[in-house]
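Listed next as structure tokens is one chain, alone, in the form predicted alone.
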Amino acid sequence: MKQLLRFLLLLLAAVFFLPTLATILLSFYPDGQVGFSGYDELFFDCFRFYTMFWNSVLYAYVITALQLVVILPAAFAFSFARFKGKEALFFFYIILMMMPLQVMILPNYIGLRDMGILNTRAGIILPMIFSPFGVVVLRQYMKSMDGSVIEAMRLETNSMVRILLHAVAPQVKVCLYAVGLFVFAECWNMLEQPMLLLQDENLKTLTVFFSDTKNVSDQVLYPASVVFMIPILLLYLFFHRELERGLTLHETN
């Protein structure tokens, strides 16, 4: 039974890995013969690729860093603070998390237009900072956190910043790593926001580059797809243990 289950899991993994393998192989087979002509054209002739690649890097890293700064105190408040309507507000967070992006894109567009930051980097970064996903996940993780450490810290200081940095963050760092990885992947793959909120080609992301199939040849698309996968794969290789541990609720003694 175990061998059959292992075989089925390996078969399922192979099915999921097949498109990635096909993309890698096709990137070296652009014009009917094996070679690096696709990579040569991408790196030495397609200069808009560099602009969009570094835009994706900028958006993903900035949004991830700022969102982690926001979700830590927000999740801590939902876990330990006492105020009226806390549960109702958290339920509202869950509803927002389950809503598809297409439902939220029009209110975001109107709000950014009224703020005068459409077609700017801030118009992409600002709405993503306050995504509810990380708050919900981190709050659930904090439910099993050791509260005695926080109480001991409160005897030494009234600074909430020090409590968060020295008593809370060390206990939830693996969850922060996991959430950060998911947030980075979401930002790295975002497509609708840069397509709808940006007009300037120099501000758009690499995902928009892939959607422009009329102006980008297949000879370039496959090598660009391989390069596009590298940052996510590297992050997973470096933080896969934290990802597994961070999504598992720990138990306190």
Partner chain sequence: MATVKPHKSIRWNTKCLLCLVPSLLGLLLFYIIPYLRVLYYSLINNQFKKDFVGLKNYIDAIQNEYFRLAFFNSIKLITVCVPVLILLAIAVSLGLTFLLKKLRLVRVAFILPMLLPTASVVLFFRAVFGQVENELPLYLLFIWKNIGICIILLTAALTTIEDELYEAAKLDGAGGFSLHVKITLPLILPTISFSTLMAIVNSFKIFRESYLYYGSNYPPDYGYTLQYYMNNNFLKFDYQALASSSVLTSLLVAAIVSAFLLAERRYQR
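Positions refer to the first chain, counted from 1. Here the rigid core means the biggest group of C-alpha atoms that line up within 1.5 Å when the two forms are laid on top of each other. These numbers come from a predicted model, not from an experiment.
Unshown form predicted together with the partner chain; subsequent notes refer to it.
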{"property": "4.5 angstroms heavy atom contact with the partner chain in the predicted bound form for E41", "result": "no"}
{"property": "H166: touches the partner chain in the predicted bound form, heavy atom cutoff 4.5 angstroms", "result": "no"}
{"property": "In the predicted bound form, W54 touching the partner chain (heavy atom, 4.5 Å)", "result": "no"}
{"property": "F182: touches the partner chain in the predicted bound form, heavy atom cutoff 4.5 angstroms", "result": "yes"}
{"property": "One stretch from 182-190, 55-63, 41-49, 28-36 that, in the predicted bound form, holds residues within 4.5 Å of the partner chain by heavy atom", "result": "182-190"}
{"property": "Those residues of 22-36 which, in the predicted bound form, come within 4.5 Å of the partner chain by heavy atom", "result": "A22, T23"}
{"property": "Rigid core superposed: L9 CA moves 2 Å or more between the shown form and the other one", "result": "yes"}
